[in-house]
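The chain that follows stands alone, in the form predicted on its own, written as structure tokens.
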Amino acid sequence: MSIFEYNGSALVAMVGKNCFAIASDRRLGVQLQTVATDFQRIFKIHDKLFVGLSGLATDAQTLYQRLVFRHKLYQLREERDMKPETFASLVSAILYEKRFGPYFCQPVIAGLGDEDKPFICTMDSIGAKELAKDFVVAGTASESLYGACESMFKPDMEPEELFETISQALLSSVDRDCLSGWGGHVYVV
């Protein structure tokens, strides 16, 4: 079993018409044993930017604290919030500087940029970005999430339809993965 699968996770972000949604499961486990059913994987950076961290739970919490620290420094220096593209580059740089002893995390970044243009991306544990125009997935349920999202995604969905689509994709996918589950958290912006 890979260290990325130790705690289990399911993360997905999807774009709609001037909106995005990001969703995760709530299970925290130690291999096949469930430890908690209310674990938070999605974190709010500011009103229009969220990051989801799948992988090893302790590394996810440590990385989140570093990201909040760096974003607050940026706010003090620039007197504005970070754009999603800039934040993705920051996350990538933080992961890459630890490439020889990496954080065992796969971040999913979702935000609204200029003129409410949605931005989503994911990356591996050393910061190699994967940009997408429709949806991105991460975690142990990523294979089944790809299938569910491919079949359910439509371009330019309104927020209500986007919520239903991402919720159904997440719930149907975690049913096919024993390391994730116990419901989900969904954020639509």
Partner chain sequence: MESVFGLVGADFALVVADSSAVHSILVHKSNEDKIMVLDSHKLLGASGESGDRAQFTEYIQKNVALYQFRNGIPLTTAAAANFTRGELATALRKNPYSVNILMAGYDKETGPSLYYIDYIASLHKVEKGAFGYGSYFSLAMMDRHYRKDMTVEEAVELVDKCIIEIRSRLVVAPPNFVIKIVDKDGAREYAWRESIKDTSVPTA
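Positions refer to the first chain, counted from 1. A quick note: this is a predicted structure, and the numbers were derived from the prediction, not measured.
Form predicted in complex with its partner chain: not shown, discussed below.
Quiz item: Would Tyr6 show up as a contact with its partner chain in the model of the complex if we use heavy atoms at 4.5 Å?
Solution: Because a heavy atom of Tyr6 falls inside 4.5 Å of its partner chain in the model of the complex, the answer is yes.
Quiz item: Any of the heavy atoms of Ala128 lying within 4.5 Å of its partner chain in the model of the complex?
Solution: No, Ala128 is distant from the partner.
Practice problem: Indicate whether its partner chain has at least one heavy atom within 4.5 Å of a heavy atom of Pro102 in the model of the complex. | Solution: Judged by the heavy-atom cut-off of 4.5 Å, Pro102 is in contact with its partner chain in the model of the complex.
Quiz item: Can any non-hydrogen atom of Met152 be found within 4.5 angstroms of its partner chain in the model of the complex?
Solution: Judged by the heavy-atom cut-off of 4.5 Å, Met152 is well away from its partner chain in the model of the complex.
Quiz prompt | Listed range touching its partner chain, judged in the model of the complex by heavy atoms within 4.5 Å, from 24-32, 43-51, 118-126, 131-139 | solution = That would be 24-32.
Quiz item: Taking Ala36, Leu56 and Gln61 as the candidate spot, are all three within 4.5 angstroms of its partner chain in the model of the complex by heavy atoms?
Solution: Every residue of the spot touches its partner chain in the model of the complex.
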